[in-house]
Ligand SMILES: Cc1ncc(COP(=O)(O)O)c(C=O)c1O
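The form predicted alone is given below as one chain in structure tokens.
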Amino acid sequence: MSSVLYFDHAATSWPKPQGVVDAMVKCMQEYAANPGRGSHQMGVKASRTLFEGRKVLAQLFHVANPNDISFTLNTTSALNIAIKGYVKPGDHVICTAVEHNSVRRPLEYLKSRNQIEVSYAETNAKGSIDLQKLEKLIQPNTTLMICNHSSNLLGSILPLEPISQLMKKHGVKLLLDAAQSAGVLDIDVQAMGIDMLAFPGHKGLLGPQGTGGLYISPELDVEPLLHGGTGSQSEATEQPKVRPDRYEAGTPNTPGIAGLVEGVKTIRSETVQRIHTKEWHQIQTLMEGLLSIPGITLYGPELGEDKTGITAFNVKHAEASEVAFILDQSFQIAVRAGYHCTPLAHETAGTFGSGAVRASIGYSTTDAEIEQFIRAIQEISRHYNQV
């Protein structure tokens, strides 16, 4: 096992539970055939694995019909399907000012071709949103609101229920980006009024990279982004209407989904509530330690406020990239520095010109690792503030 202290869970969780690794190896060795493309034993076993994946995810997110969940490569592909498949020319879309580029770029792409209008709902430096200002952005042609559940820079958590109620009042559909919340925060698509849910398998759900998914309410008609083989209705020239086939053209990542099943089972066994409580206490310890160091600036929610296991900071007189390089090379600590694919959030936090160091904890983070991280930043800050 590597001696690296891993503080980059917001990008990908690591290490994976052993059950995830074992399930992937078992699939590769015993039944890595194409699901839905053959009636032989291996193909049937592969198909059952995909259905089990939909079933455990449906239980986790309180989805009534598992077939309303389609597997994707990641959250980015899920968001692209949802956005490009739902909005129509002439539509107006709202998203928040702390969105990831996986939301901003598809929207700006459509906007640049004069297909849609886009408005960005402001948040304050801590990532909080003003619902009254949000309501003022709604226009007669507003059809979709997109928001991340938790910012991948600030760790802030948006109030979903009030946002959902506001959108329903005006007949606007809600697309939730759960990149930082799936497996970490409670998500109930029915109770929270979520019309579409995009989520990754490789972060809080503890699965491998190359996995993720999209829940689409049965009330919505979303056009598929990809067209091709599904193993069903092969005689038809059009993509099947039946779900999930409609959104799953091509051979799926069966070994990855086998691993994802075990990751979700781990989450459900531990419970999302316990995981969030553990991570919240640990991130509070980390923030408190950083705030005790001269020359450190933190961004996002303050001590004691609710957030996910993410904290962004800068060291006075040091470039964020330099701090990350030193942590990696001198302390064997993995973090991410820069703009984190979310320039809008950096504009909100006031760090657009500098970027920031992001430390993110996860399911496997220990209290001892938190203390080691704080000591490393103490040394780095002491060096830069003596120069």
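Don't overthink the numbering: it's just position in the shown sequence, from 1. Keep in mind that this is a model prediction, so the values were computed, not measured.
Below: the form predicted in complex with this ligand, not depicted.
Partner-contacting position among Thr76, Thr96, Thr254, Thr311 - heavy atom within 4.5 Å of this ligand in the model of the complex = When this ligand is considered in the model of the complex, the option within 4.5 Å is Thr76.
Have a look at Ala258, Ala179, Leu154, Leu206 for me and say which one sits with a heavy atom within 4.5 Å of this ligand in the model of the complex.
-> By the 4.5 Å criterion, the partner-contacting residue is Ala179.
Does Gly183 reach this ligand in the model of the complex, with heavy atoms at most 4.5 Å apart?
-> No, Gly183 is distant from the partner.
For Lys307, is any heavy atom within 4.5 Å of this ligand in the model of the complex, or not?
-> It does not: once this ligand is placed as it appears in the model of the complex, Lys307 has no heavy atom within 4.5 Å of it.
So in the model of the complex, does any heavy atom of His202 sit within 4.5 Å of this ligand?
-> Contact check for His202: yes, within 4.5 Å of this ligand in the model of the complex.
is_contact(His100, this ligand) in the model of the complex, heavy atom dist at most 4.5 Å | Output for His100 is yes: heavy atoms within 4.5 Å of this ligand.
Specify the contacting stretch among 126-134, 86-94, 144-152, 189-197, defined as having any heavy atom within 4.5 Å of this ligand in the model of the complex.
-> Heavy-atom contact with the partner occurs in 144-152.
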